[in-house]
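Two forms of the same protein chain are encoded below as structure tokens; each is given separately, as structure 1 and structure 2.
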Structure 1
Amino acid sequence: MPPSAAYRNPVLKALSSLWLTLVCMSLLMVLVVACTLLQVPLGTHEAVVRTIHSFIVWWRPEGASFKVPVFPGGALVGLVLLLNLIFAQFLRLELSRRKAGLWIAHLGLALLFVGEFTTGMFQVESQMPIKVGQTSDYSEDYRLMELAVMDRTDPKTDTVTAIPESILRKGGEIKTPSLPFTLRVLHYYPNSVLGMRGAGDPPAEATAGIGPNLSVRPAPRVTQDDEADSAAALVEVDDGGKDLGRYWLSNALGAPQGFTLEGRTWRLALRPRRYYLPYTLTLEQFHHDVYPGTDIPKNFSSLVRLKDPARGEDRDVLIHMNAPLRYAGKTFYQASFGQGDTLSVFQVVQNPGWTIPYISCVLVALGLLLHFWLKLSASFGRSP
């Protein structure tokens, strides 16, 4: 379409206008400032979800049950800005050598949006704690819970049925072909305060496990990034009318609880959501180096053994600061440590679009350099 035709269509004209660009950039600046300030009371994750990773920013008045839209969210502004960029590029910007820099820079910018979108949609983050000498084949997401129902009859292998948090939140009856009984979620608290039951507490709702001795009260979710929720669920198990007990389950409780049914041993646990890997990592050594005479950390490093029979991999890998292990679409970073330097925690990230920002950064930098260089040389060329 020649540029003149585009100007006749008011929608296209608006979509490709620099005015829209400026409006979006201003909105984005407001959102970024809001997101930064909200991190103090809400914590990073919640602030980002409310302002940036949403189409509309909602505001709920104190104590009200309704919420009002107050501002366009980051996702909406970003999407409009991307459309605006594409339309402006093709309808307004001439395809010439003079503008080559801008073309490259804007292409890089569009890629950056695509990369951020891909990350938002497909990135899965979890953590993998391993003790020195131990082997693990799964990582955990501490933000999401799951109800694990384990058949422990065979001492060698557990058969696990995991029920995701989204189903627990809905409550009600859970039936699945892999379980010979029915589960009923009576309460689900994303965060709770667990304590021993005192004399003044209301009668216990749980009937089995350690539940009868517990008092469980719902609590607001934690906001600080270094705190963790203690989720709790009251689950009733019944086998076609026969009551097998009501259990209080929580990730804050230690050992799984359970019962025996028709010769099989069943265990129930509420635990962080697990992602199983088709290979294993064994932590051979963990080092926490400090500068001499101080406790300023200099480096954290983990020597792990990667074993993947399917691919014929069996080798040592050193994971340390700024040097992650990238393997089979996942990246393992040295994230944390504990238990007197015998436990190493890896951040496990799966992001199919992780290379996009690298390309985009190079494109924008080259594009801007080219553009400013062309402009500068033109202006110096004109004036003697």
Structure 2
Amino acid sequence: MPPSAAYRNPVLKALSSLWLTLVCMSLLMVLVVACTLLQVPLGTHEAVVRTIHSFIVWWRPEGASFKVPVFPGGALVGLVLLLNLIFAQFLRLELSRRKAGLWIAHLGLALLFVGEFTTGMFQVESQMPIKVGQTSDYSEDYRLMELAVMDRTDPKTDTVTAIPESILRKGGEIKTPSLPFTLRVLHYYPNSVLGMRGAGDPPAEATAGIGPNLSVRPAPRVTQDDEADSAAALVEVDDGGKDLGRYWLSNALGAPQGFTLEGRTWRLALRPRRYYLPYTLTLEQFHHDVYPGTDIPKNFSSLVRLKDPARGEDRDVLIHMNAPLRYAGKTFYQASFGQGDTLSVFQVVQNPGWTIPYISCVLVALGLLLHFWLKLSASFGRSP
């Protein structure tokens, strides 16, 4: 269909209209304001997820079990804006040499939307705390929990079955071929308050581990970025009708709890979700530098040993501020430290579209430079 004929189509005309562009930009501004205001009651991460990285903004009435759609989310508005840009490009922009710069700039803008969508939908962030001299092969996502069921019969190797938080929230029975027993999630609290039981508390629901001595109450989710939820789950273990106990599990509890079944030792723990790596990092040195005569941080740096037998990697890497380690699709940033400068915390980011914004900016810059150069060339060509 020729552009002139396609532009007479009311649907295509609407998709390429400037009014749709203005509406989408207005909706995005409303979402940015809403996201900023929601950071107080929800926290930064949850506010961004609910408004900018969602297709629909939902509202749940107080005490209700259902949600009501109230506004288009940033992902949906961005997708419509991307379609608007594409249709406007092909239906309204002249396909000629003198418009080549605008074509390149529009392509860069389209890639910018694609990059943001890829980041919002597929980026995974986690943390890897390592003490000096310690080796680690996994990172942890403190916003998500998992129930780890560990077979510790072999003193050298643990066999772990990890059950994600999404299943724990649903409750009910959990059966998996890797476990010879059935788990029942009786309660799951994304955040809770734990304490020792008092004389006036109701009867204990837990029957095994340290649960009979615990008082566990649900609590609102934390909203500060430097705080973490204390999730809790009441889990019952059943071996073909034989009750093996009810356990209160929480990431706020230090040691895992467990039992012995048919000569095998089992441990249960509720912990941050882990992402295992096919290589290891060993923290050899950590340096925390400050400006002379002050306590103001100047630089944090960690010297780590990267070992990846599959790729033949065995080398030292210095990670410091603005100089991360990029390896095998993940980026390790120097994020924090603790325990008297003996603990280094890395922010681990896996973003399959991390290069797209850079390509987009280069294309937009080149497109605008080319467009201005062609305009200037045409002006000089017409000058006497």
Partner chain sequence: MKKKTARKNPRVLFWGIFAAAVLAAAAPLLIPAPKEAFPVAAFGRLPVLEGGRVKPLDTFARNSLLIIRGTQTLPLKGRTVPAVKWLMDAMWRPEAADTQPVFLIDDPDVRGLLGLTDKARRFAYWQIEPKRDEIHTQAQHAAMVKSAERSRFQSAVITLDSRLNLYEQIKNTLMISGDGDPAADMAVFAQVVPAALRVVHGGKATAKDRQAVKVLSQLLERYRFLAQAAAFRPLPPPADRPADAWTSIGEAMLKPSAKDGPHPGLADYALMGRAYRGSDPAAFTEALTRFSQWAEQERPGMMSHARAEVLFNSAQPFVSGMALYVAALLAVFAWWGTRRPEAEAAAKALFGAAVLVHTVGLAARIALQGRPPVTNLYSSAVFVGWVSAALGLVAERAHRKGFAIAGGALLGFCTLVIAQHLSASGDTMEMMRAVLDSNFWLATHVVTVTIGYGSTFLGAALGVAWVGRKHLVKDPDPEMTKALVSLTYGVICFSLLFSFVGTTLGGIWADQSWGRFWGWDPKENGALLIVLWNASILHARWAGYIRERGLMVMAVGGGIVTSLSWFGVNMLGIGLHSYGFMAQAFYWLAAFIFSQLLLIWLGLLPARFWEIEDEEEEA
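Just so we're on the same page, residue numbers count up from 1 along structure 1's sequence. Here the rigid core means the biggest group of C-alpha atoms that line up within 1.5 Å when the two forms are laid on top of each other. Since this is a predicted model, take the numbers as computed values, not measurements.
- Between the two isolated copies of the chain, the form predicted in complex with its partner chain corresponds to structure 1.
- Annotation for M321: C-alpha shift under 2 angstroms between the two structures, rigid core superposed.
- Relative to the superposed rigid core, Y142 undergoes a CA displacement smaller than 2 Å between the two structures.
- With the core held fixed between the two structures, V57 has its Cα displaced by at least 2 Å.
- Core fit done between the two structures; CA of W373 shifted by 6.0 Å.
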